[in-house]
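Only one chain is included here, represented as structure tokens and corresponding to the form predicted alone.
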Amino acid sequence: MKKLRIGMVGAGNIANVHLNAYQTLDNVEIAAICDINAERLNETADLFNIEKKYATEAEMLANEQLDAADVCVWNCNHAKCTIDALDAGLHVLCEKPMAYSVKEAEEMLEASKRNNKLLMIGFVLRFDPESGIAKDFVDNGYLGDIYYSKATYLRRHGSPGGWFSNKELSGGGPVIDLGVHVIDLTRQLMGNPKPISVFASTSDRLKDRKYLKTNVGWIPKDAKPDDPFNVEDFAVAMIKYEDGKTTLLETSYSLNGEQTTKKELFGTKGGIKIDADGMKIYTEWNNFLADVTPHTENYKFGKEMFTAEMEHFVDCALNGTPCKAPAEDGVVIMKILEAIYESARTGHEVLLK
């Protein structure tokens, strides 16, 4: 069996999630890993028995024979690390968001085309089992023409801190960290319509509320109490697509309200909601309004979402299988994210080209 030799670029939290998924696959070899943080590099390499360790990506690319790279670094370094790997002749999986800016995302796409190599973006919700089931209902026409969606990812007290709340490194707060997931999934389920305009508002009134005694949950290992918080803590946006399709985004790190993640789609034949309670379809039956709850617990479209994502990347790289999360979609999502921040800054609607 041919194995894909992968070099991990980054050894932090999300890299550990990716590595856990790769461990379940037989056709993968994690040949090397690099990270500028020596302590984190050694800890992750030891945990996953990765022998070859490097302080920089440049050293790893110069010394290893690799087929692919998995980029899991700060958002501000996505473009450079990805382009360097593509120019070295490697296929690349880059974590979301694709880049720090639209310009960088377009340069990454150009590098992929120039080198005739795969560039896949880490839109992991596309590989969630329930997302696959929802897409099956959509593709088979049960929702009809989908014209509206709600993309909701709200944390009540959940700023990760560390580099996530440092705009220089992250590019923004919950919009670029959390909102990117639900914007991408709702857009995909709506048929990937072209975005026309964005009107948005952001807030940083609550910030990270470090004084609260409530546990915020997951935080980066290298987060410090004095890390800056200079990103938004809440955002709302109206994203208008071609053919009159619209998405309402709500996302937050800090909010005095319910913590929830929901994806909702509304069509001419039916609607669908996916949240922590599962999936529900709203439709008509025999001229009555009807709510339908599919029994999905024993019928999964694929595996755990990160495992399914890594499996797909490896399949695309080894076998040329068409990519389900291509760089072209990443560029479009970056245009939406950038427009949200620009609209919030100016107070005006932003038109997209």
Ligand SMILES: NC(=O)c1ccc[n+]([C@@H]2O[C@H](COP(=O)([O-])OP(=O)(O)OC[C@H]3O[C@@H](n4cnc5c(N)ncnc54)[C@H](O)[C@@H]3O)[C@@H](O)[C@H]2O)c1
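What you are looking at is a predicted structure, and each value in this text was computed from that prediction instead of being measured. The numbering used is simple: start at 1 and walk along the sequence shown.
Only in words, not in the display: the form predicted together with the ligand, which the text now covers.
Taking the partner from elsewhere, every residue among D35, R40 and W163 has a non-hydrogen atom within 4.5 angstroms of the ligand in the predicted complex. By the criterion of a heavy atom within 4.5 Å, F234 is excluded from the residues contacting the ligand in the predicted complex. Although the partner is absent here, N13 sits close enough that one of its heavy atoms falls within 4.5 Å of the ligand in the predicted complex. For T247, no non-hydrogen atom is located within 4.5 Å of the ligand in the predicted complex, even though that partner is not displayed.
Within 4.5 Å of any heavy atom of the ligand in the predicted complex lies no heavy atom of F48. Contact with the ligand in the predicted complex, judged by any heavy atom within 4.5 Å, is made by just one of A151, C72, M108, I274: C72. Checking R156, K96, K240, K117 for any heavy atom within 4.5 Å of the ligand in the predicted complex turns up a single hit: K96. Stretch-level contact check against the ligand in the predicted complex with heavy atoms at 4.5 Å: of 130-138, 85-93, 203-211, 175-183, the positive one is 175-183. Annotation for 113-139: interface residues with the ligand in the predicted complex are G122, V124 [heavy atom within 4.5 Å].
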